[in-house]
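Consider the single chain below, provided in structure tokens and representing the form predicted alone.
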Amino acid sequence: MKVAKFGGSSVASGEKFKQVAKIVTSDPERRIVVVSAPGKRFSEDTKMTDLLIALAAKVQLGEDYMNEFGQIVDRYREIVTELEMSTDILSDIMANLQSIIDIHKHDSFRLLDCIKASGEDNNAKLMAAYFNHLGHEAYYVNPKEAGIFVTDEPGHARVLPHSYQEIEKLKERTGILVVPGFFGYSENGNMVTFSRGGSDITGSILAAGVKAALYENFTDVDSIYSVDPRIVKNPKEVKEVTYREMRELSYGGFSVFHDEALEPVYKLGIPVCVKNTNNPSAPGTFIVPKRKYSDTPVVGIAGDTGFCNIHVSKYLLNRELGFGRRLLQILEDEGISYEHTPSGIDNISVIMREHQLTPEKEERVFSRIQTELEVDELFIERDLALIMVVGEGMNSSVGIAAKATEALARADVNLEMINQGSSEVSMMFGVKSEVVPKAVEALYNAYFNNVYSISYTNS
């Protein structure tokens, strides 16, 4: 059995639905299909999820929402028309949306969560109906029926362990099972979403539950590339990447695969294949437990912006028992999670996502650090980006770090921070956001083209 997940761009129109149907029915092992909400049909288009968020905002403000409601129904109507199906299903979609609004209009968090989830939910109903329209045995399976039970954290749900026993029962069913991505149900029956892009997570949970032979993740590219093709033209395709490498690359900004989606399949060693809906014959990229590292110690380079760094300095800090714990406790009290904490004998830095540190929180955090920890120096560095050089073969290759620092120096990129975890799966470099393209290009050329930077090939 295979689980096949189709992202928003793969189900954005009636024509895309037809492609999905051909792919699924071409392989009888593709028994479980996970769909996202309709994505963009063209570059200037609006994703269904964004239309749904706009609808929720109108409802929350108590304003007339019929325009937004109509735009959503029209997107589904266009798909139904292209597929030459009965428009009866549109009445079900409209009733579902209106029911969510009526039930949750006085609860902003539940309203937003349920309205967002309706994009995947109604698209799955439509996809199952289309398979039936073509004469195939297919069923819409609600996540509650499938057994996907999650924590009651709207927008940040985590699957509960006992879900997997329930999901395994899907193996006993016949036909094509179409499951909406992005959400599950709490123990008390609430519809709860994963973080945005969480349809990848749903697919992974289902693959683990039924112990699938393969989890196929269909998107709009032939494979995962070693670097963002918007920065480097025609980058190298990655044929194989390990779970740990993919996790690091996703964290570093690769948007092809959700960074939380690997945990369920990782534990069972289920391989993942990222494939192109528009070119399904392309081999794609396999995400596997292990790969051969000798030829490609570095598998990819990723960069992400939106970080800041709180720098704390105090003489003899290293001898002060519990300093780091008390510093992080201040952040925890404000609901702030941190990403990294590089440190020295008299200083420590805490790197976090910048959006978490509102002006009010920053003032309280700084006041408490000064008062409770009696530091000598305290300042914040904003507009930081983190660049990841990833590869499990780095720990057995000489000169990997030297090549990176040399390439960045030749490209005139100033390093704000260097960090390497004990696992040596990745090296991390902190730079200013505006130099990310230059830094990524320099690193790519150093590792994949054996030059330090395009500008320096003759030096």
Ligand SMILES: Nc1ncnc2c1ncn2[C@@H]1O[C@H](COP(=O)(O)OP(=O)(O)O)[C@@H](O)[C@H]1O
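Don't overthink the numbering: it's just position in the shown sequence, from 1. Just so it is clear, the model here is predicted, and its values are computed rather than measured.
The following text describes the form predicted together with the named molecule, which does not appear among the structures shown.
Taking the pose of the named molecule in the predicted complex and superimposing the nearby C-alphas onto this chain, the site is open, with no ligand atom within 2.4 Å of backbone or C-beta atoms. Segments offered: 130 to 138, 249 to 257, 330 to 338, 102 to 110. Contacting the named molecule in the predicted complex at heavy atom distances within 4.5 Å is 249 to 257. Taking the partner from elsewhere, Ser118 is found to have every heavy atom lying beyond 4.5 Å of the named molecule in the predicted complex. Using a 4.5 angstroms threshold between heavy atoms, Ile224 counts as touching the named molecule in the predicted complex. Mapping the unseen interface onto this chain, Ser13 falls outside it, with no heavy atom inside 4.5 Å of the named molecule in the predicted complex.
Not displayed here, the named molecule is approached by Phe218 to within 4.5 Å at the level of heavy atoms in the predicted complex.
Of the residues given (His355, Arg319, Arg230, Lys292), Arg230 alone sits with a heavy atom within 4.5 Å of the named molecule in the predicted complex.
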